[in-house]
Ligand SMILES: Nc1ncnc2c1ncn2[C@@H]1O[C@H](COP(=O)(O)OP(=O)(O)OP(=O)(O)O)[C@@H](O)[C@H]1O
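The chain below stands alone, shown as structure tokens; this is the form predicted on its own.
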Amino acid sequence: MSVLLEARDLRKSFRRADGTVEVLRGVDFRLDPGQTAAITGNSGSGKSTLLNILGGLDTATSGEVLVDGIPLAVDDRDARVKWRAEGVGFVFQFHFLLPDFTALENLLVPVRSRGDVTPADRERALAFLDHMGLADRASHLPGELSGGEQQRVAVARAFMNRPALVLADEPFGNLDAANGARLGDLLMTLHRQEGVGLVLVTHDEHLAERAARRWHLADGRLQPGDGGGA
């Protein structure tokens, strides 16, 4: 089986007035197509930094990221932009919906970035809203939706462009336990239906246990843990 995503000896440091801070100190990671992985760790351990590097939002100080076996070169901005736009869907702790766009229009934003919206695109978006229990909210603006509903739109949006990989950074951190559990179910169902790889950064042990593989980030190093079974 081919490897969808691989990180080799990733290192990331930041310069501050009082010296250099090493956030990642030689991280190795791999994800097969359609696989799920959860990354846990204390706040400030570098989990979001790692996720941003894997998704092409940031670059490592050294080491490399490979997509389908091909290095995602640090100096190749176009390749990283293409990977972000076509290969990766992102879910963040805050939904980042466009306030003047309806729920349906927000789902279609990734599609518009690559060209005209087709009737098939609208059907796909409406089907996602229905799956999320938001069929009657398609024409609502984000301000007219609850926090849980907004995050459901954000989760669906991550899958719109048929990415190979979805990266979720504390996706339910702003939700109560009941809403978080419900959205976790919806996220895992979409992952299986779409057949995409999924990497979760989370403090939620129940969510982490559902991933096929678990990793723990501490002292800048990634250690494998026990997997669950998404």
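Quick note: we count residues from 1 along the sequence shown, nothing fancier. As the structure is a computational prediction, the values presented were derived from the model and not from experiment.
Note that the form predicted in complex with the named molecule isn't included here; everything after this is about it.
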Heavy atoms within 4.5 Å of the named molecule in the predicted bound form: which stretch among 43-51, 159-167, 60-68, 188-196?
43-51
Decide whether V23 counts as a contact residue for the named molecule in the predicted bound form under a heavy atom distance cut-off of 4.5 Å.
yes
Residues of stretch 171-209 in contact with the named molecule in the predicted bound form (4.5 Å, non-hydrogen atom):
none
